[in-house]
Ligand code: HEC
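Presented below, as structure tokens, is a lone chain in the form predicted alone.
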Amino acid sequence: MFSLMSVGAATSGLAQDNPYDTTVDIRMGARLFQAECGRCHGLDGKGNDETGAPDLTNGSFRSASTDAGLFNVIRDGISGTTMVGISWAPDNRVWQVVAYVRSLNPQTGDYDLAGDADSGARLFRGKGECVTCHIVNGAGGRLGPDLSTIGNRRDPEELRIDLMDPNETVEPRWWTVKVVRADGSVITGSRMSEDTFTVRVMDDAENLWHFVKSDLRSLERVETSPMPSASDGLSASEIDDLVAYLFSLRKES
């Protein structure tokens, strides 16, 4: 059992492992990362040319290689750079961000998966209707995230959670927006972007709409996922196959 004090003191040991590395910790770390780090590194951790913040998904870190080193960089920042730390955050929250950053670079070693990736690919394109909303290697719909390299970002357990409980974590980019215009007509679709004055929406036909908020009668955000649970239409073995297929979608280094 780790206390916050003992965890903080242990970061000087370069071999120190992260004591907060469960799936729940990763999800909590993702939320803090997106709130505090996403402005520079991007909400997906892929960097930002304008800010010079590096891509955190390629498995290579400039200033640290161990969990302890990442902890120190995330907590204290890097002197002489625009990288500022989150020293205000409790140690366990910093460790959770470490866990999330590590999850962007999963070790794709041996997994004893119950499913068959080829069968999962057929389900993805057929019965599961996943291709309606998701792109893989340039083919598919744009109403959901591009899954072409999802296996680099999610391990099999996380993929299973995503399929079974899509509402567990829904990024703001994938919220649904219902817009009522001044004439009473309604546009519903994915929330592509939003700022103080405007909102951009993609409807189910993949048409893009841009609205000035002051011109609208109302604007409603639905912060749940439009994706149904895989358990609603697929058997346990079919879900195993779909997990195997999704995990096979990764860019080999």
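Superpose the two forms; the largest set of C-alphas matching within 1.5 Å is the rigid core. Residue numbers here begin at 1 and follow the sequence given. The structure presented is a predicted model; accordingly, all values stated were derived computationally and were not measured.
The following text describes the form predicted in complex with the ligand, which does not appear among the structures shown.
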message = Within 4.5 Å of the ligand in the predicted bound form - does that hold for a heavy atom of every one of 179, 193 and 222?
response = no
ask   = Can you check whether residue 128 is within 4.5 Å of the ligand in the predicted bound form, heavy atom basis?
value = yes
query = Would residue 119 count as touching the ligand in the predicted bound form under a 4.5 Å heavy atom rule?
reply = no
inquiry  = Considering non-hydrogen atoms and a 4.5 Å limit, does the ligand approach residue 144 in the predicted bound form?
reply    = yes
inquiry  = Check residue 156 for me: does it contact the ligand in the predicted bound form (non-hydrogen atoms, 4.5 angstroms)?
reply    = no
query = Want to guess which of 208-216, 194-202, 181-189, 45-53 is within 4.5 Å of the ligand in the predicted bound form, heavy atoms only?
reply = 45-53
request  = Check each residue of 179-202 against the ligand in the predicted bound form and list those with a heavy atom within 4.5 Å, in sequence order.
outcome  = none
query = 2 Å or more on the CA of residue 189 between the shown form and the other one, with the rigid core superposed, yes or no?
reply = no
Rigid core fit then residue 48 CA moved by 2 Å or more between the shown form and the other one = yes
ask   = Once everything's superposed on the core, is residue 200 shifted 2 Å or more at the Cα between the shown form and the other one?
value = no
query = Closer or farther: how do the CA atoms of residue 32 and residue 172 lie in the predicted bound form, compared with the form shown, if the change is at least 3 Å?
reply = farther
query = Closer or farther: the CA pair residue 49/residue 201 in the predicted bound form, versus this form, with a change of 3 Å or more?
reply = closer
